[in-house]
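Below sits a lone chain in structure tokens, taken as the form predicted on its own.
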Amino acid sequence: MIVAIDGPVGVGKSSIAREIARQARLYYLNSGNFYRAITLKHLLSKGDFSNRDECLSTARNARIDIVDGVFKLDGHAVSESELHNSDIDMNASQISSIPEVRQIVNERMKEISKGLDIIAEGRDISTVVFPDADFKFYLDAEPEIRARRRFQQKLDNQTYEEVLSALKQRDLNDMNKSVGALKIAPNAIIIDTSYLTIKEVCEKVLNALKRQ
């Protein structure tokens, strides 16, 4: 079984997908972390994000694995804090806009998912990566609420206004990509998480899975 969850940044996809994976005993895949890992590798190598060939080379040489639930880049475990900061937030969108990079990530995700019951989340999971997913969900929330959630995580020293501005720019970038743009799949179940707790959203998703 494949469960696909899409939605903009800061909507709670990761937390919700992890909890659904735990309760429904599914294998959790976070597509955004694949792009963030490539971005981290490019930052560490002081690569030029405006150089398409350099970015593609980094993606081709990045060895991304999930071993016993641990996300690894080139054999080393990478923490959530390492993958989430303002530099990676802005540059990951540029990395993920390169069609060849998206193909590399999509193929790797499909390889990892073979023979598994999975839940995957990202921006184009239900529209591009797993268009034949058994269940498709699109989570959304008001920009101000999403920004407040990210600000409260205190992943870096940005002000709330800076977080909100960056989030709105990220939304524009994600929705206007020539490849892999953020879209709502025609048959997706839409859930507005603005005023729902993670538990309440999970209940809605789990109830939909039970109705199969």
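These numbers were taken from a predicted model, which means no experiment stands behind them. Residue numbers run from 1 along the displayed sequence.
In what follows, reference is made to the form predicted in complex with a small molecule, a form of this protein that is not presented.
With the partner omitted here, the stretch from 70 to 78, 110 to 118, 134 to 142, 89 to 97 that lies within 4.5 Å of the small molecule by heavy atoms in the predicted bound form is 89 to 97. For the options Arg52, Lys177, Lys183, Lys168, the residue carrying a heavy atom within 4.5 angstroms of the small molecule in the predicted bound form is Lys177. Within 4.5 Å of any heavy atom of the small molecule in the predicted bound form lies no heavy atom of Arg146.
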